[in-house]
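In the form predicted on its own, a lone chain appears below as structure tokens.
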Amino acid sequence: MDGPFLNVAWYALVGALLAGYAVLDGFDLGVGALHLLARRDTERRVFLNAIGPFWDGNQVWLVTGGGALFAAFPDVYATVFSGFYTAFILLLFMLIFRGVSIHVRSLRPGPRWRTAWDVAFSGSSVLGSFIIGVAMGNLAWGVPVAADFSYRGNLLHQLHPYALLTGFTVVALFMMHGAIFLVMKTDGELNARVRGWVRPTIIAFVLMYVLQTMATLLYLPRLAEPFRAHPWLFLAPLASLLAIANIPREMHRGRELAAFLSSSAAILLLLLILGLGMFPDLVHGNGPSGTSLTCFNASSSPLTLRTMMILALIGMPLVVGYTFHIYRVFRGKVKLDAMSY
């Protein structure tokens, strides 16, 4: 394995880890965003127990992706985590609040106590999703990077219209993803009401997706250049459209699992499109220096990348296998018992 191959391989692997996080934690963030729509305390407990076996394991993918970024592309890690420090600290607090809310909201029976933690859980889920989208929007739009790879912006620079639009798009996407997951995990009257939430969330996401696509083509034409240069890459956007179109089709047929897999595929394909459009940039620079951080100029040494690749080839099958096992063990509808949240 030579240097350039390893650089591209780690570009793809870091992207795959973060995409895995988006798919897996995306649905429980979406469930959190929908949490306050539940009418009764029992229904909210069902929502919490639907994601209960999975939410903490899902976040491991984010930690692993961040660790891989640190080891494979340390300059990118340093620039991004220092430049987006305020946003990432806020995201960290949102993830902490979500975990605390899940564990403590049912420790006391009082309605004021539980409502307060329900609001904290739902609000942190929405804001966490929004921050993730804003970060993605900034990476696509570009950030001011100096020749020494240092960040030359501030929080206000990160809150431009394209980044905010991306944030709202991600919130809509995760809410759709979470609504489909809840349909799989609930039954009875609650299932019928949750099923009614899927269509509005699909419509909201499709509208945001259209706006996002139009804004990208209008203001970021460079992201479409790889597709013009290599027309076969248009298979990825085509596949994403088919995956999105298949979601309401599968829901109409009552095949919730197929709809959830289509929603997951849509997330993966949308991130693939972003990765293809940005390649080889990990952080596109739009500052006066014209400097961008790529998988070639911001990577670790070939020896480090090679050693890490060996470890990844050993560890990734274990992580994927464990994740598959957990989802298989806890498949089926949620039933509340004495051990439930």
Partner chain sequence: MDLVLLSRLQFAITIGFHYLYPPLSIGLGVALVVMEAMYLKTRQPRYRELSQFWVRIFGLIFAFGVGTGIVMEFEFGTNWARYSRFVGDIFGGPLAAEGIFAFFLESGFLAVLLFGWDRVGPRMHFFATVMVCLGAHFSAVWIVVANSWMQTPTAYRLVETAQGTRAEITSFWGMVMNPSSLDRLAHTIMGCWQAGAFFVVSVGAWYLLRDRHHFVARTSIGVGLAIGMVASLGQLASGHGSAVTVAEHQPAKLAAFEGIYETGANADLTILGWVDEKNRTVHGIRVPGLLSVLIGGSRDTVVKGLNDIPVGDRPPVQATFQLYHLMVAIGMTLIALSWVGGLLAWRGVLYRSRTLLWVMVFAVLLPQMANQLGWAAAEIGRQPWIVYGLMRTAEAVSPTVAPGQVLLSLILFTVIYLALFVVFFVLLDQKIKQGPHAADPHDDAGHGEVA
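The shown structure was predicted, so the numbers you read here are calculated from the model rather than taken from an experiment. Residue numbers count along the first chain shown, from 1.
This next part talks about the form predicted together with its partner chain, which is not shown.
> Would you confirm whether the three residues 59, 79 and 106 all fall within 4.5 Å of its partner chain in the model of the complex, going by non-hydrogen atoms?
The answer is yes: all three residues contact the partner (heavy atom, 4.5 Å cut-off).
> Choose from 67 to 75, 196 to 204, 127 to 135, 261 to 269 the stretch whose residues reach within 4.5 Å of its partner chain in the model of the complex, heavy atoms counted.
The contacting stretch is 67 to 75.
> Which pick from 229, 214, 92, 156 sits with a heavy atom within 4.5 Å of its partner chain in the model of the complex?
Among 229, 214, 92, 156, a heavy atom within 4.5 Å of its partner chain in the model of the complex occurs only for 92.
> Check residue 12 for me: does it contact its partner chain in the model of the complex (non-hydrogen atoms, 4.5 angstroms)?
Residue 12 lies outside the contact set for its partner chain.
> Contact with its partner chain in the model of the complex for residue 189, defined as at least one heavy atom pair within 4.5 Å: yes or no?
Residue-level check for residue 189: no, no contact with its partner chain.
> With a cut-off of 4.5 Å between heavy atoms, is residue 324 one of the residues that contacts its partner chain in the model of the complex?
Judged by the heavy-atom cut-off of 4.5 Å, residue 324 is well away from its partner chain in the model of the complex.
> For residue 141, is any heavy atom within 4.5 Å of its partner chain in the model of the complex, or not?
So residue 141 does not count as contacting its partner chain.
> Using a 4.5 Å cut-off on heavy atoms, which residues of 34 to 57 contact its partner chain in the model of the complex?
Heavy-atom contacts within 4.5 Å come from 39, 40, 41, 42, 44, 45, 49, 52, 53, 56, 57.
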